[in-house]
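Just one chain is shown here, as structure tokens, and it is the form predicted on its own.
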Amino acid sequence: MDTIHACFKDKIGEVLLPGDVFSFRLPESGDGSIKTDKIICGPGLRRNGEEVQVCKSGILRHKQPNMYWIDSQQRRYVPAKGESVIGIVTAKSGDIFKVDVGGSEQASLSYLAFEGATKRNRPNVQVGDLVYGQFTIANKDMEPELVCIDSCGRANGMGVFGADGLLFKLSLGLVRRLLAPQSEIVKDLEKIFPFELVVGMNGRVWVKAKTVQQTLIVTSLLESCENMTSQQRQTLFKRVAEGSL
């Protein structure tokens, strides 16, 4: 019997609060040993034996086959391993760059964590530069660590960027909507102006359009999407495209 998934099923789509607990009984196999059932607890959930505790307020979401998480509208970012973020280089310390990622402490970035970087061929990174990187270490007991290469040693879109353009912040919930594979917000925006967009899981967004005016318009439209329904957003975007605003 799928007892773990059964205890979550009735709560999918409902609002949960910190302190809520899901209790379940681990099924036993034929020889009397306890059979463990796989479940992936995403942000906002923490498993402890035969209990799953809610540690963040929000809506319970589910993705097939066995992933559950809490969808919340928090603004403070907590680093997580594997997430791609936009950081600001704040200092050079020997062979390490210190990067502000919007968390409770700064992340470290080695000068060797760039494509083609060696001890002789160091990357040109200056204090104040924007970097797009991925966390390889991120937990509550250690300093976060960033890299700007993938598992094959390729940059794959990561590294120093943003010579022009505008950097601003959005809520983490809106950022996840922008990063969805078929994001309706991004598709609707592309019909108005051509632009470049870099989105970090830490809530930072970088935009560059053809002119400064278009860049500011795209920024304002993205910020306005926070509390709009799909119909309201499409109406606003249509008015902008027609030049009535």
Partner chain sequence: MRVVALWSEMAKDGAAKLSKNVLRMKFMQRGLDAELKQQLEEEEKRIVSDEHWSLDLPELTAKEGDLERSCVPCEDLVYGRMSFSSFNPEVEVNFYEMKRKSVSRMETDITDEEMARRYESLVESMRKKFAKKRNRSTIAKSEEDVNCNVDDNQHKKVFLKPQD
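Positions refer to the first chain, counted from 1. Everything numeric here is computed off the predicted structure, so don't read it as measured data.
The next section is about a form of this same protein that is not shown, the form predicted in complex with the partner chain.
Contact check for residue 83: a non-hydrogen atom falls within 4.5 Å of the partner chain in the predicted bound form. Residue 217 falls outside the set of residues with a heavy atom inside 4.5 Å of the partner chain in the predicted bound form. Remark: residue 161 counts among the residues lining the partner chain in the predicted bound form, judged by a heavy atom distance of 4.5 Å or less. In the predicted bound form, the partner chain sits beyond 4.5 Å of every heavy atom of residue 184. Of the listed positions (114, 132, 97, 135), a single one reaches within 4.5 angstroms of the partner chain by any non-hydrogen atom in the predicted bound form, namely 132.
At a distance of at most 4.5 angstroms from the partner chain in the predicted bound form, all three residues 38, 179 and 201 contribute at least one non-hydrogen atom.
Heavy atoms closer than or equal to 4.5 Å to the partner chain in the predicted bound form belong, across 182-210, to the residues 186, 190, 194, 195, 196, 197, 198, 199, 201, 208, 209, 210, ordered by sequence position.
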